[in-house]
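This document starts with one chain, in the form predicted alone, laid out as structure tokens.
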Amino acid sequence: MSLTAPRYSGLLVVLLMVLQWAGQGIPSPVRPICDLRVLDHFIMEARDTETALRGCKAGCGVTGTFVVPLTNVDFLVWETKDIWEQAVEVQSGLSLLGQALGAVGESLSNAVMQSLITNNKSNIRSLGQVLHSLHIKRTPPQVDATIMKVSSLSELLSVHINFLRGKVRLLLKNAPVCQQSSP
């Protein structure tokens, strides 16, 4: 992973949107991003950060407590929520993760880890754009009982990966605009 990767992460989302739009011949440039490969790419980058942390020798320690979303999913409860309730939960979780990653990034002295954390924070912002492309409105974060606290970067990255693999994937996979059949 190069140090310039954070710049290109957001460009990946835009490029995929343009390619999907151009390939479909649709007159509207605001097409939903229903391709889960975008999310898979973000998960892979989060795992790369986790791997880099394991190999980090100096400047990778953080102190403090970070509020993060719960990652467990009770599928019976999740399926009873409408898409807007699910979106609020995902957007709130992404907001918490973005805040935690921002705080961590400021406290790291290792330049490579700072770059990787910045890239993951950028990916969270890009996921907000993906949700916007699905016509799911951004909502202000709501702090409720679906949070927990972690005190290490390792725990934070684990929560980040699991949240993307769980609630974010479920929301994107089941977004109504992605369920519509193509003509």
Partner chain sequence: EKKMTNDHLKKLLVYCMLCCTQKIIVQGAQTFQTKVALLRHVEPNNPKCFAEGIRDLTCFWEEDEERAGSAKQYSFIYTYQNENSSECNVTALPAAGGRILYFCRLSQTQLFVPLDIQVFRDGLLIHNRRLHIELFFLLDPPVNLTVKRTEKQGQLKASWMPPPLKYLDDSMMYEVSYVIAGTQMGQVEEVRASSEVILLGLQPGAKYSVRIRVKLDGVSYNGYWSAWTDPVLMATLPGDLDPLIVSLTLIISLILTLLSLTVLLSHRRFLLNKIWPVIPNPESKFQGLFTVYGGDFEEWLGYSAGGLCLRPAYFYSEELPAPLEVLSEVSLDLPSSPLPPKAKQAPGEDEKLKRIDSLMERWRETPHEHWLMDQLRVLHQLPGPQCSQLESQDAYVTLNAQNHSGEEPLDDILEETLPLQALFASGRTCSESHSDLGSLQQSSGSGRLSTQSSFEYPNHTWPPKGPGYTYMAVADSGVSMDYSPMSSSRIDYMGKGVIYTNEYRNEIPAHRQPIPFAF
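Residue numbers count along the first chain shown, from 1. Treat the numbers as computed from the prediction; the structure is a model and nothing was measured.
One more form of this protein should be noted, the form predicted together with its partner chain, which is absent from this view; the next part is about it.
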Residues in which of 39 to 47, 110 to 118, 123 to 131, 59 to 67 have heavy atoms within 4.5 Å of its partner chain in the predicted bound form?
39 to 47
Candidate site Asp82, Trp84 and Ala175: all three near its partner chain in the predicted bound form by heavy atom within 4.5 Å
no
Please check if Val73 has a heavy atom lying within 4.5 Å of any heavy atom of its partner chain in the predicted bound form.
yes
Heavy atoms within 4.5 Å of its partner chain in the predicted bound form is the criterion; list the residues of 164 to 179 that meet it.
Arg165, Gly166, Arg169, Leu170, Lys173, Asn174
